[in-house]
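Only one chain is shown below, in structure tokens, and it's the form predicted alone.
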Amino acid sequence: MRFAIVVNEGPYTHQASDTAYQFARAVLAKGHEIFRVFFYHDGVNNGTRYTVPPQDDRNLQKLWSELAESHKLDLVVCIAAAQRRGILDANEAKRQGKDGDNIAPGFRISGLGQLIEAGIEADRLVVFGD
């Protein structure tokens, strides 16, 4: 089965991101495919490389990045939600006149069309968070 996942909550404000990560791991462990993980609303905060959680806390950004690398996952951060929250890749930083980017490894910024495509291409679209 082919899944698409939407994460609507930040990594440390709600359980949704961690639950989505655990769901993704379970899906992959069972031999299913993940077409795309789309981070929307506060969920885009999962994609900043400047997250520094305490040592006794899970680093969800790092976990998502590692999962994407090991399974060639497409982690897409919504551009409009990301810009509102100060998350930029190199192209957007340059376009907006900012002096640096903060997108985490394995994540990319794109538009809502990527969410629509994920819904079309996947057998199941699973949403985590409000």
Partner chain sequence: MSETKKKFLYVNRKAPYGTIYALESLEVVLIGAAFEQHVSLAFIDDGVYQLMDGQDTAAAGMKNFSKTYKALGDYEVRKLYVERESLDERGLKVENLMPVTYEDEDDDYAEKPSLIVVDRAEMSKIIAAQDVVLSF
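Since this is a predicted model, take the numbers as computed values, not measurements. Numbering follows the first chain given and starts at 1.
We do not show the form predicted in complex with its partner chain, though everything after this point is about it.
Chemist: Applying a 4.5 Å heavy atom distance criterion, does residue 71 contact its partner chain in the predicted bound form?
Modeler: Answer no; every heavy atom of residue 71 is more than 4.5 Å from its partner chain in the predicted bound form.
Chemist: Answer for residue 35 alone: is it within 4.5 Å of its partner chain in the predicted bound form, judged on heavy atom distances?
Modeler: Although its partner chain is absent here, residue 35 would stay clear of it in the predicted bound form, with no heavy atoms inside 4.5 Å.
Chemist: Does the 4.5 Å heavy atom contact test between residue 84 and its partner chain in the predicted bound form come out positive?
Modeler: Looking in the predicted bound form, residue contacts with its partner chain include residue 84, since a heavy atom lies within 4.5 Å.
Chemist: Within a 4.5 Å heavy atom cut-off, is residue 90 in contact with its partner chain in the predicted bound form?
Modeler: Close contact is absent here: in the predicted bound form, residue 90 is far from its partner chain, nothing within 4.5 Å, heavy atoms only.
Chemist: Which residues within 49 to 80 place at least one heavy atom within 4.5 Å of its partner chain in the predicted bound form?
Modeler: Only a single residue, 80, comes within 4.5 Å of the partner.
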